[in-house]
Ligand code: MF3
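Okay, here we've got a single chain as structure tokens, the form predicted alone, with questions on binding and movement later.
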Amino acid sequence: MIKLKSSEEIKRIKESGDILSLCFIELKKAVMEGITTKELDDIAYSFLVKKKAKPAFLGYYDYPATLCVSVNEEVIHGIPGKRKLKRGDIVGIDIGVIYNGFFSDACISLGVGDISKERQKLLKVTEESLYLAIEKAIAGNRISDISLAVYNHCVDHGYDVVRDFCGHGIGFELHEDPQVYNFRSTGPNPRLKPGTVIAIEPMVNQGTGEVLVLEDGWTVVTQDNKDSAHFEHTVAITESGPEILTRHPD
């Protein structure tokens, strides 16, 4: 069941999203050669606590951290630890935030120092696919319009999308209906209504879209060990069009 949000509730989700986007500003400053993924996690945790917000991922199904930090061939759900970022890496940083009981979720992928042209292109195309999908997040369209915006753009550039994981509804909880695929699915394909709030999140692989889950039970990697990129925004469908709730005005 899709839980529609009132304009006041959407405002509250955006307050959560504003804190999340400000946290990204701090993390972007910190992403550099030699920093560990655990140090990034500590920065995020301290920032959220100062803002009187809570990490949405920490403790969720026993997940042990504030962030998911996924490097190179890691697609999503990388657990922060002792791994040091190296020059030329690409790193996906995923954050969920709870503020006054409302949830937001977003992800960015960044290069560590100078990165190869191949990695630059992967990040560029993946981020472009997110914004093309957001353009389709309008009342009267269906979930498949969002899905195909991602899929067509990425496939046209020679990439594949992950099918085992997808975007989702959000706001009152971290994961709600509907599921938001990055390809045309045979599953439910509801029409978008004002008040729907969803996390749109292209997960795009340089090679095959097939993935594996590592022994830690969380970290998802590409089956062929090629690179992956991940971008995400929390978006509200309103009468006047899509509103990105995880992008701070500044």
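All residue numbers refer to positions in the sequence shown, first residue = 1. Everything quoted here is computed from the prediction, not taken from an experiment.
Not pictured, yet referred to below: the form predicted together with this ligand.
Review point. Is it true that 24, 128 and 247 each have at least one non-hydrogen atom within 4.5 Å of this ligand in the model of the complex?
Key: Checked in the model of the complex: no contact with this ligand for any of the three.
Practice item. Can you check 62 to 70, 185 to 193, 205 to 213, 28 to 36 and let me know which stretch has heavy atoms within 4.5 Å of this ligand in the model of the complex? Key: It is the stretch 62 to 70.
Check your understanding: Is residue 168 close to this ligand in the model of the complex, meaning a heavy atom pair under 4.5 Å apart or at it?
Key -> Result yes; residue 168 sits at the interface with this ligand in the model of the complex.
Point to revise | residue 41 within 4.5 Å of this ligand in the model of the complex, heavy atoms | key: Result no; residue 41 lies far from this ligand in the model of the complex.
Point to revise | 4.5 Å heavy atom contact, residue 160 to this ligand in the model of the complex | key: No, residue 160 is distant from the partner.
Practice item. Please run the contact check for residue 148 against this ligand in the model of the complex: heavy atoms, 4.5 angstroms, yes or no? Key: Residue 148: no, not in contact with this ligand in the model of the complex.
Review point. Just one of 174, 138, 115, 132 has a heavy atom within 4.5 angstroms of this ligand in the model of the complex, so which one?
Key: Selected option: 174.
Practice item. Taking only heavy atoms into account, state which residues of 216 to 242 are within 4.5 Å of this ligand in the model of the complex, ordered by sequence. Key: Contacts from 216 to 242: 218, 232.
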